[in-house]
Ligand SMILES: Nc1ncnc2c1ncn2[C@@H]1O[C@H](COP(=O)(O)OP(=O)(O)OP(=O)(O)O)[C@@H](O)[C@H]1O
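Quick heads-up: it's one chain on its own, the form predicted on its own, in structure tokens.
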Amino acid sequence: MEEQLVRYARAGYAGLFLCTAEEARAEAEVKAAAKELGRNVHAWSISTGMIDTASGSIHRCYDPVEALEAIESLSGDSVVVLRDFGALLEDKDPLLVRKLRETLHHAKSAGKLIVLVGVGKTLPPELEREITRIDFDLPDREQLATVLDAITDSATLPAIGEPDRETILDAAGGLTTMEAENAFALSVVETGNVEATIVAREKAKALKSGGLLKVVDTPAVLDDIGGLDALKDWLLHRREAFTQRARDYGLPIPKGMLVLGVPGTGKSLTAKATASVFGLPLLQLDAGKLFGGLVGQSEANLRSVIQTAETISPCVLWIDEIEKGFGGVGSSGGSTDGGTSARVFGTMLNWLQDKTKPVFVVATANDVSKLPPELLRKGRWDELWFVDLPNSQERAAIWHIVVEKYGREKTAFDSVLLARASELHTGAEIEAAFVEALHRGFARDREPTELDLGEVLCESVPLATTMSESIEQLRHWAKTRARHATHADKPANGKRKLDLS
């Protein structure tokens, strides 16, 4: 940036607009460029007036028009920084616009350079060709490393070695120096050290896109999931797939996975646990929120989500119930909404296929019949998983997890007996049954018993009964199209076989 500013000044540019929220870093670059050019630097703001940064003298001109007049009266080659001046031009005050144009013409002839510093604003049409906009780049790894070293030194922490240091800098990529400093300091306060997961979490909060993305702060772990051992093994084999060691080995960056199956069987929990396995921040997208009522809004929403996810990367992007957003695209995309659904869907498909940034997409779906076939083919996903109703061993494991989750000893209940009694129940239904038993025990001022659980299970009607036809259709679809998430459903010869009973 310093070299670019020097070139612009020597070429005789009169007006530049540095678009950035990092005022202090931008001004440091301007001062470095001015030093190389041998010019004095003056800085003006509406609250401080015009300051000569070399001598510290102040010209108390707080009105912007008076400030422009003061620029014309400066002697010799000068560089003048106007702080937040773009915001003052938003009202398109004709007097201010006219005066700035005249001051730019004066600066051109007098060899002065006027630099507006502030967040990106739309300039009045009269000034768009007079002032050159420059997007001020975010800090690079070297600059972030300087901030990291300053934090560790001030906290008297030992030097961070490789590869932890590189992981932390990866997590901080996309932050301003101030945001990175705050994230590093917060991590020290929370954990006593600088942790990449906390830095990535804070980055996700800073960059989340207009309410479309939600940062999940408390992802689950694999031990929170009962069963699904094949899916767990697959994830564990890829736990270091986002590291530099994997790139050096020649592994491609993982794309993601589509998890479909019966509602309540742990698909969402799996998405949350995936982020823990990889040690990455988890962003959640409700696909139904992508579509807006204004022309072009839906496409802009998706572009914003993609840009945010790639800026935060490496990360896990969880698209919950993806059929809500893209179900029925083939039938309605070109007729009922002017093609908006088809355009948004096409953009999503292209991104899933061609993305190069380390964004691992986990999409969950309950009703595969609503998903267009283009979304399901390999190349866009590393794997398609089918999650069926839990078998007896998985139900026993789920009972153990649920009992311990609510502060009881798992040995207080016969998990094998409960697994038999909860046949056809999903994990969500098992947890709901235990919560109901807790209510009954609380009302009677005692601990819940297996009898309470038996009564609750007998009174409930599982989803597998009320939706038996839909579940059979889903199993039939998955028989040859998806990989089963449970090893137990494979026979001894290793060929995949789904239990259709």
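What you see is a predicted model, and the numbers here were worked out from it, not measured in a lab. When you see a residue number, it is the position in the sequence shown, counting from 1.
The same protein has a further form, the form predicted together with this ligand, not shown here; the description that follows concerns it.
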property: Per-stretch contact check against this ligand in the model of the complex, the hit in 376-384, 149-157, 259-267, 90-98 (non-hydrogen atom, 4.5 angstroms); result: 259-267
property: Heavy atom of Ala428 within 4.5 Å of this ligand in the model of the complex; result: yes
property: Interface membership of Ser78, this ligand in the model of the complex, 4.5 Å heavy atom rule; result: no
property: Touches this ligand in the model of the complex: Ile398 (any heavy atom, 4.5 Å); result: yes
property: Partner contact for Lys357 in the model of the complex: this ligand, 4.5 angstroms, heavy atom; result: no
property: This ligand in the model of the complex: contacted by all of Glu22, Glu179 and Lys214, heavy atom 4.5 Å; result: no
property: Single option in Gly325, Gly226, Pro139, Gly86 placed near this ligand in the model of the complex, where near means a heavy atom within 4.5 Å; result: Gly226
property: Position in contact with this ligand when the complex is considered in the model of the complex, options Glu310, Glu130, Glu299, Glu321, heavy atoms within 4.5 Å; result: Glu321
